[in-house]
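First, one chain by itself in structure tokens, the form predicted alone.
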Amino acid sequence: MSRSKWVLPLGMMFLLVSCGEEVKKELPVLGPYKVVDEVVDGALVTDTMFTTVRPFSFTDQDSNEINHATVEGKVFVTDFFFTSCPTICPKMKQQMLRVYDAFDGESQLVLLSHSIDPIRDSVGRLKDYADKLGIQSDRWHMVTGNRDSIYSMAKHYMIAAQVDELAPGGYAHSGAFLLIDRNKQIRGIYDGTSEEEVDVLMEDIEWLLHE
């Protein structure tokens, strides 16, 4: 018998503290999971199976294909934005730039930003945007692709991204940064417009890199 359940997104770290013992940091695994009950050697055994990030394929600002293999065995941070966004995106990109700068030279960390406006956000436009930020595509991929695929990916990450004619810029989307571990499991969700939450994100990245 299997029972499908959900873990609520949490953008915070967990600390397990025992008297007289060193503080040990733990990060939850977030997202849908399945609890499977099996009988093994006459005993009931319960196992928890967490969802992993599904395969994907997009194109970045240097026309490189970015797919599941790009992040294989690495920690990565992902978000959704569009270059003409007049509201939260500039704040998000400045905060992501802090992450980019803080982990300069760290080959095991990848940043992945999806444009939710692929009609206007061509490869060339993403390249111009990236150049203005002064970033390199081997560390921070700004990707475009089929709009339905991008929106479906956002839903897979449990965040919002959609066309909204009433929203500034014509799109509504989450300002969240998601932290994914080497096993492609979501380990944290953070407000990408908040310096304080991005500080926590960077602490959690450091922890995952050395987990």
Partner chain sequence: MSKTLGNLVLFTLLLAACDYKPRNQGKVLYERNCQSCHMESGQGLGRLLPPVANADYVLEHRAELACIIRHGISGPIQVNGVTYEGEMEGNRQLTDVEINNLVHFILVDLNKQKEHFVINEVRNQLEKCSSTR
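Numbering follows the first chain given and starts at 1. None of the values given here were measured: they were computed from a predicted structure.
Not on display, but discussed next: the form predicted together with the partner chain.
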Proximity of D131 to the partner chain in the predicted bound form, heavy atoms at 4.5 Å: yes
Contact flag, V110 vs the partner chain in the predicted bound form, heavy atom cut 4.5 Å: no
4.5 angstroms heavy atom contact with the partner chain in the predicted bound form for S122: no
Non-hydrogen atom contact K91 with the partner chain in the predicted bound form at 4.5 angstroms: yes
